[in-house]
Ligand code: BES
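Presented below, as structure tokens, is a lone chain in the form predicted on its own.
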Amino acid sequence: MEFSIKAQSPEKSRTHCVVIAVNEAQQLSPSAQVLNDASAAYLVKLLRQGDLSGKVGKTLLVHNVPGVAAPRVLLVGTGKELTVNERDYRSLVRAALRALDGSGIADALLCLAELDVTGRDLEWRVEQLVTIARDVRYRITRVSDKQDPAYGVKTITLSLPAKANLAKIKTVVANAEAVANGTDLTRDLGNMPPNLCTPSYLAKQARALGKEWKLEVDVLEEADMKKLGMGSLLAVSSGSRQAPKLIVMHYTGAPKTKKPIVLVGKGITFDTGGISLKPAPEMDEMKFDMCGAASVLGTMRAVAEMKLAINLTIVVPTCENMPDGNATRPGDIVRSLSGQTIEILNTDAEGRLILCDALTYSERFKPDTIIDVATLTGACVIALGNEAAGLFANDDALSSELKAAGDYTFDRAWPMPLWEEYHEGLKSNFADVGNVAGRAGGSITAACFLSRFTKNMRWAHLDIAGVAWKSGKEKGATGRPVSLFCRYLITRAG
């Protein structure tokens, strides 16, 4: 999909379709008014017949409007007012693009950036248009000789207000496309079947990404991890025939003296639960347990394309969690890279076991900030549903920065506590710490476990178990939280 920006009269545009807005009171957006004037009030007459209610996201495709060069005009409702809130703007944009996507229209002129959105500027509106257009356009690649036919809008022209700063908007569009490219990569990796998307495959993809964008890539093998003393990570991989990997990538967009931001992504390419075996229903969705890893790889791709003035390192601990004669048992005690011993009470609480060694390893890069991201706990889904990721941090300013980035992109996260009281359940009679506490506050106690390995760092943890994928009819990876990360990093880059 290609995007362009043009200042042009919508009635003269020879695109396949012009997209305009109208509210419930049949008030027209500026571009809609231009088309109505050119058509001798044809659109208003049509609306008075009751063909479109004007409610948020309702659409009407009209053909051959008199006085308009484009053969089609798509009207989309804004609700009671032409000024809308963030949620309604995103809803009506998505509805319009879905209407175009299934119509056979190859190119369109979108006149929706001119709408006023409460509390948001033109740059935000344009970014949302690009991001949502790419999301609607995304197709899952099937493992099949027969792919879905290539259809949908290929070219979108954004109509902007006359006073818009075109140079600035072009940068917004380019960055939004880069973020969308990173999100697509994340979704592609997440959607792959686990027999193909193995730890070795992720390492191969990281090397390919490094070659394409001139990034430094290092992959630690099992022998390297044993030599370092990563007993916690290796305890998880012990039941699998797939060799574990620790993938490290470096992007240098600022002077080397500037401390890097480090993103650590959980990469369990399939999670059976190990000896603490999961129930069979929906276990196939455990292929998405590597979406944390996929999201940091997608973020790295986006950052490299945007050429942000930051230093970014990503660390991906990746392996399978399988039951086997060699698998770790509940009751086993392992020594982590940090030197802390861990009593493994539940082998299905494996994500924190690979993350803790990766977090300790990341300390060697002397990070300015370290953020880990993981589909860590079902408890987070119970707490926050499928709308927001759980956000934990040992620094209030960092928590606020990440929340603001999520609010801006609508890739939202919600702050959760890390109080000392929650650490009580992790105490062990036999080791320094247990890997689980009781059922209550499970996402919090998991984050508390990780906090034991980040005391010397400015650290945050995102639990994306509820937002990384969708189930049911729309089953598939969402690509979250790539847009949150990218907004945070763009802000940090200044």
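Model, not experiment: these values are computed from the prediction. Note that residue numbering begins at 1 and tracks the sequence as displayed.
The discussion below concerns the form predicted together with the named molecule, not included here.
In terms of contact with the named molecule in the predicted complex, the residue from 350, 320, 357, 411 that brings a heavy atom within 4.5 Å is 350. For the options 185, 160, 275, 379, the one in contact with the named molecule in the predicted complex, meaning a heavy atom within 4.5 Å, is 379. Considering the named molecule in the predicted complex, the lone stretch of 219-227, 341-349, 359-367, 160-168 in range is 341-349 [heavy atom distance within 4.5 Å].
At the 4.5 Å threshold, heavy atoms of residue 375 reach the named molecule in the predicted complex. Proximity of residue 465 to the named molecule in the predicted complex falls within the 4.5 Å heavy atom cutoff. At a distance threshold of 4.5 angstroms between non-hydrogen atoms, residue 245 is out of contact with the named molecule in the predicted complex. Although the partner is absent here, residue 266 lies within 4.5 Å of the named molecule in the predicted complex, judged by heavy atoms. Contacts of stretch 272-309 with the named molecule in the predicted complex, defined by any heavy atom lying within 4.5 Å, are made by 278, 286, 289, listed in sequence order.
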